[in-house]
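Have a look below at one chain only, the form predicted on its own, in structure tokens format.
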Amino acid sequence: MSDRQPLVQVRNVTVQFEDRLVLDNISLEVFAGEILCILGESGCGKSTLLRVMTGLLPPTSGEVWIMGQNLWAVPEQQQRQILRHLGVLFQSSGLLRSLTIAENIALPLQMYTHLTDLEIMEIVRLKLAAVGLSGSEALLPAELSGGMQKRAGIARALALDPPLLFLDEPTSGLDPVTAASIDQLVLEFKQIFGTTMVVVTHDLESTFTIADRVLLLDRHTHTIIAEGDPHTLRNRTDHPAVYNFFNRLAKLER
């Protein structure tokens, strides 16, 4: 994939909160049409990296380039235009509890477009149908199961048809059957629409199902210690930390 132009480039990003180092000189690329999973133990900086890449947290140093533009070096108005091309699913689904599902999905359309209310509602219905939630427009988030809330969050992330989708722990807190259904939804969007995705996850089963490529962050060094195909990395006996991470499920089952 190195001969292709990346949609996202993270260049030498460091994040530090006072005297606490979270990410140290991180560099990565995301290529069109791939699903890149960012992995690591709790506290390794996965969600922090995602926040830097999606315009929610400025890095202490380094650069983030989105489709050829330096996200943290452009004026605010230009940054907003860059972020318009990103869809984000937050770990808790990010739905506003006081709004209906339809109103939640309509928010980015109201913020970034000049569509009429009728046009917006038609898009809302299409997005809900795409994630298997037709008929849930008038429901509040609390009336949906955890898996349905994740689906609604994905529908909102896709409202503006972004070429880039960022998912923070999409299967977290879900039972295995529901988690598998979210994985299949992710694969469908890649296959049907060619959506490029960055997925932060701790779920190895999900990773082996959806990932084209993975990055493994280390919470001790705050760096990337492995990159590549997850099935290949699972057999890397030359690197104990990498091997142990990818084989922890097998160890637990013994």
Partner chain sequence: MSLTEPPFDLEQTDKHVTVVCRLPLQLSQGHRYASLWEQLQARAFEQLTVDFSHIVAYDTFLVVFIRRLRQLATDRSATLQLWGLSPEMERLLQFFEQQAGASQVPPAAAGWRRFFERLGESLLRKLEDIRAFFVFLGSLIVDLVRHPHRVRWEDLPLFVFAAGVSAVPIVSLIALLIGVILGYQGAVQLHRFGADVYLADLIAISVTRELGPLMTAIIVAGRTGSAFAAEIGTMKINEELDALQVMGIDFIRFLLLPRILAVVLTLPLLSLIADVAGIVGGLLTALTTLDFTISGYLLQTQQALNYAHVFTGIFKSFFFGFVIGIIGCFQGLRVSAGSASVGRAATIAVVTSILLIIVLDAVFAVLFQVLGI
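No experiment lies behind these values; they were computed from the predicted model shown. Rigid core (definition): largest C-alpha set, two forms, superposition within 1.5 Å. Positions refer to the first chain, counted from 1.
Form predicted together with the partner chain: not shown, discussed below.
> Going by heavy atoms within 4.5 Å, which of 188-196, 64-72, 50-58, 213-221 lines up against the partner chain in the predicted complex?
Replying inline: Among the candidates, contact is made by 188-196.
> Here the chain is shown alone; which of 165, 182, 152, 159 has a heavy atom within 4.5 Å of the partner chain in the predicted complex?
Replying inline: Selected option: 159.
>> If the cut-off is 4.5 angstroms on heavy atoms, which of these, 174, 123, 86, 148, is the one near the partner chain in the predicted complex?
In response: That would be 123.
> Within 4.5 Å of the partner chain in the predicted complex, do 8, 14 and 24 each have at least one heavy atom?
Replying inline: Checked in the predicted complex: no contact with the partner chain for any of the three.
>> Test of understanding: in the predicted complex, would residue 111 fall inside 4.5 Å of the partner chain by heavy atoms?
In response: Residue 111: no contact with the partner chain in the predicted complex.
> Applying a 4.5 Å heavy atom distance criterion, does residue 102 contact the partner chain in the predicted complex?
Replying inline: Output for residue 102 is no: heavy atoms all beyond 4.5 Å of the partner chain.
> Using heavy atoms and a 4.5 Å limit, would one call residue 138 a contact residue for the partner chain in the predicted complex?
Replying inline: No, residue 138 sits far enough from the partner chain in the predicted complex that none of its heavy atoms falls within 4.5 Å.
> Would residue 98 sit within 4.5 Å of the partner chain in the predicted complex, counting heavy atoms only?
Replying inline: Contact with the partner chain, yes.
> Can you name the residues of 117-144 that have a non-hydrogen atom within 4.5 angstroms of the partner chain in the predicted complex?
Replying inline: Read in sequence order, the residues that approach the partner chain (within 4.5 Å, in the predicted complex) are 119, 122, 123, 125, 126, 127, 129, 130, 134, 140, 142, 143.
>> Could you check, with the core superposed, whether the Cα atom of residue 77 shifts 2 Å or more between this form and the one not shown?
In response: After core superposition, the C-alpha of residue 77 moves less than 2 Å between this form and the one not shown.
> Can we say the CA of residue 122 moves by at least 2 Å between this form and the one not shown when the core is superposed?
Replying inline: It does, since the residue 122 C-alpha is displaced 2 Å or more between this form and the one not shown after the core fit.
> Comparing between this form and the one not shown on the rigid core, is the C-alpha shift at residue 143 2 Å or larger?
Replying inline: Superposed on the core, residue 143 moves its C-alpha 2 Å or more between this form and the one not shown.
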